[in-house]
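Take a look at this single chain, the form predicted alone, given in structure tokens.
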Amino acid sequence: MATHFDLLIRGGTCMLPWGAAETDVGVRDGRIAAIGPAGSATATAEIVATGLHVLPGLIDPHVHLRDPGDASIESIPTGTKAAVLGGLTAVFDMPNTSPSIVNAETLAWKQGYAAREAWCDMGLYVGGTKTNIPDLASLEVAAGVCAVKVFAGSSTGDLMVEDDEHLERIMRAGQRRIAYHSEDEYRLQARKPNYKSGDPYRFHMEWRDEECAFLGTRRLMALARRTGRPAHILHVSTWQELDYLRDYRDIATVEVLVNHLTQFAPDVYDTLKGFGVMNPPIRGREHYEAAWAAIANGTVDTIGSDHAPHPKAAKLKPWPDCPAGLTGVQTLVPVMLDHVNAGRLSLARMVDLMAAGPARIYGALNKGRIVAGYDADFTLVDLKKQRRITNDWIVTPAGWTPFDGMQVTGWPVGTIIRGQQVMRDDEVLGTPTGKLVAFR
């Protein structure tokens, strides 16, 4: 009797942990059941992937889905729909949403909402604050929680933890890796009076300068070494930090953003104005080149979008009245595929940074690799397909992208989550079936 699968992907070039291979993949009960020539095997559904690359399901480990504070900006339904259109099978959502995810009650609400409305799988960060330290050890092991997130700079209200005393107390409350926004809040506030409304947009990177980021990272590394608590430094943006963190690989891992790999100052502020304002800032070309060097030498562990949409009208305001934050979850994969085609990194390194890397750093179970027994999550890409990214392709209600007009080579043409195809050729299929990611 011929072998039967729920789904059979035939003839694609599969990016396996040990290298690329043109082969078939069989799926049964949402898991990868077989890798190799399928021969006469049958399947309930079949995808002919000849000419395509079959990647393990790609993950954006850094998004802000702001629902339900203002659904005209973003929501789990629209944000995760954007993710699957962009070829992502999972996203990890930050806690500075409305309400902030800082206790069992707000976490339970978010868990339920994600289970009902998400198009892709989701991980959830819990915010570490000055007031919830006694609860963090239990919150960090709750269902779907990928990590504790600490804003050591650039946040508001409860989520700001700027002083060493509370940072150390948070580090001693629990065991899992903590993800940090690393900017020194004291330096930010001391420099703020030097600037006024209507100053050039490029002043954003002068106010939040290299020392602001580097000082924050140095402080966090000293505390991490003292407590032995692993750290993941998010959106590293300076050559100084990237060079420094190479000596802390025993305790720290590193994320860079697609924007810091694609755009640089002053060009980004001259052309995009408020639509190029984010935290930490997009900086000069020397930092852009350092980020690519860190990709090449292995310093960087993950790449994210820091998807943080704001209404177009708000981004049109003068600096510093315009909010910081850019859309990015839908464009992350096409932009990175374009970098692959430009020769800046290999497809294997992209997969390491966007699938295996996030799974490894956050302890996601059965994600990030094409191996038997893992979740049948796949991103199908056409490396030769040329497209222009445009605002009218963006499904986030904000309706804009900082990459509007960018011509790219390489495009996601299929998204498969646990054996179900949820996107095919720019069309979202079926109904939301996302689940919470399981973490170690």
Ligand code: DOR
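Worth saying up front: this structure is predicted, and the values here are computed from it rather than measured. From 1 onward, residues are counted along the sequence shown.
Beyond what is shown, the protein has a form predicted in complex with this ligand; the following relates to that form.
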Based on heavy atom distances of at most 4.5 Å to this ligand in the predicted complex, which listed stretch, 307 to 315, 236 to 244, 265 to 273, 189 to 197, is the contact stretch?
307 to 315
Which residue, 129, 78, 253, 155, is the contact with this ligand in the predicted complex, using a 4.5 Å heavy atom cutoff?
155
Looking at 260, 181, 229, 367, which has any heavy atom no more than 4.5 Å from this ligand in the predicted complex?
181
Mark residue 136 yes when one of its heavy atoms lies within 4.5 Å of a heavy atom of this ligand in the predicted complex, and no otherwise.
no
Closest heavy atom of residue 320 to this ligand in the predicted complex, within 4.5 Å or not?
no
Does residue 53 reach this ligand in the predicted complex if we count a contact as any heavy atom within 4.5 Å?
no
Is residue 363 one of the residues lying within 4.5 Å of this ligand in the predicted complex, judged by heavy atom distances?
no
Restricting to 409 to 427, the residues within 4.5 Å of this ligand in the predicted complex through any heavy atom are none
